[in-house]
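Take a look at this one chain, the form predicted on its own, written out in structure tokens.
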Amino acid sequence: MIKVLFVASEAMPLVKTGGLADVAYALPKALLSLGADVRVIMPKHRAIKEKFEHLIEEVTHATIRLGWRETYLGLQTFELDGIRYYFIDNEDYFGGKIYRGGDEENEQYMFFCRGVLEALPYLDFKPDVLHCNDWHTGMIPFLLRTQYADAYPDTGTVFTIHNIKFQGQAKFDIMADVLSVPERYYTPSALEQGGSANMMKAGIVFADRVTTVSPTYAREIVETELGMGMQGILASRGADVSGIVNGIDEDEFDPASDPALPAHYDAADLKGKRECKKALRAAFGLKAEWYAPIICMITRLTSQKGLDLVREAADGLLGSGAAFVLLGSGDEEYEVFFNKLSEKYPGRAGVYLGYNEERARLIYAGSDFLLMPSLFEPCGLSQMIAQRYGTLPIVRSTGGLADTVDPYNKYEKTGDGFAFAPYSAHDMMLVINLTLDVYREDKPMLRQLRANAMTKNHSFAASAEEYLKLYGALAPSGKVKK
């Protein structure tokens, strides 16, 4: 049985700020169902302590060296949904914000990387593979191959890039101080990138295998500027870099049983979806005609998500006869814009700034279409969740959106969503208008597209199978020494 320690900064339902948390929950569950012994290790954030302290047991506590200083390391554990979780505990680092920003955040996760490796001897299993996720864990492969090489010579590492835009760029003197990294590693072939010590780069260079969250995004970050300066180092890894598309937990996201919905439905009977649409209209005060299509967005409010296109095309979108609903938070300029949009189009545009899981589920179920015009999108989960709820995605064909949405073909009458390619408001509105034409004029095709979307397999089972093959090649019995 392969033994995997999944290392992440957040995981559902313990704490969540983005899609990584969903993956850190659903992928280990899928791996467990395939027979792997998979456990998750993460920081013990304040939110975890507040919600789950009564369930958590202490494994050990110790004092570890962090550069010139000594600091507390707690290791705690509990089990949830069949998965064993371990927590790295230190109030100074994880008693406040999950991500502090700047030098403080860099030091937070340098400590976490050191803490994970220091905790390994106290775990009740010996992992064959450490599966690290994003820059917050990027120093683990580096430390494992340098400072801990004698202790764990056979332990494999997988480093998964969820979004290469965020790289953990730190001052080298801070890294040298906190993690005792020698100056000889401050080179372009190791840790240096653009004048900084780069923790994302550490993971890319020193992990045994590098994955990202969709095949198209894997190609994009190697071949185009979407590599954010890492194209060369990724290309140098050759076949060690691959893309494995994310999935969703189809038990968690199921309109036939979702407790957050006022009515349930499935692909064979969509009556409940109409009830959800009625509830959504009431929740957001929509006064548009009852039959008006609802286009939604559930997103972080950042330029990556294509919001400049939405801003440019907003009057055309709201003038098309559609209603619009948005849930999200982020950059102030977009929050101000969408607030003003709801004021300009009362009863036709509804906006919720922030995040509320139950309201998000109602939006997925009650909307007709989900708009995702992303500038780039490593994988994206919203489009898959929307399909599960019979809400057809309208996406720009990039990254995981290209891999998970089969665009409507009016000649072959196939598809499970709609797509455009050029990054322009004009092209986005062309496909939105096509979408609305299908909604208004071809109900049989609309029903077929919804059925295609709802019955599409977006489970993590296929992804988990691919990861198991990857792990198997890195386990002591299958590993080829570098």
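The model shown is predicted, which means the values in this text are computed figures rather than measured ones. For every residue, the number given is its place in the sequence shown, counted from 1.
Heads up, the form predicted in complex with adenosine-5'-diphosphate (ADP) isn't pictured, but that's what we're talking about next.
Only one segment in the set 178-186, 263-271, 222-230, 325-333 has any non-hydrogen atom within 4.5 angstroms of adenosine-5'-diphosphate (ADP) in the model of the complex, and it is 325-333.
In terms of contact with adenosine-5'-diphosphate (ADP) in the model of the complex, the residue from 73, 244, 298, 349 that brings a heavy atom within 4.5 Å is 298.
356 is the sole member of 257, 303, 356, 236 with a non-hydrogen atom lying within 4.5 angstroms of adenosine-5'-diphosphate (ADP) in the model of the complex.
Of the heavy atoms in residue 380, some are within 4.5 Å of adenosine-5'-diphosphate (ADP) in the model of the complex. Contact annotation for residue 13: none of its heavy atoms lies within 4.5 Å of adenosine-5'-diphosphate (ADP) in the model of the complex.
Interface membership of residue 360, defined by any non-hydrogen atom within 4.5 Å of adenosine-5'-diphosphate (ADP) in the model of the complex, is confirmed.
The closest non-hydrogen atom of residue 135 lies beyond 4.5 Å of adenosine-5'-diphosphate (ADP) in the model of the complex. For the stretch 18-39, the set of residues having any non-hydrogen atom within 4.5 angstroms of adenosine-5'-diphosphate (ADP) in the model of the complex comprises 18, 19, 22, in sequence order.
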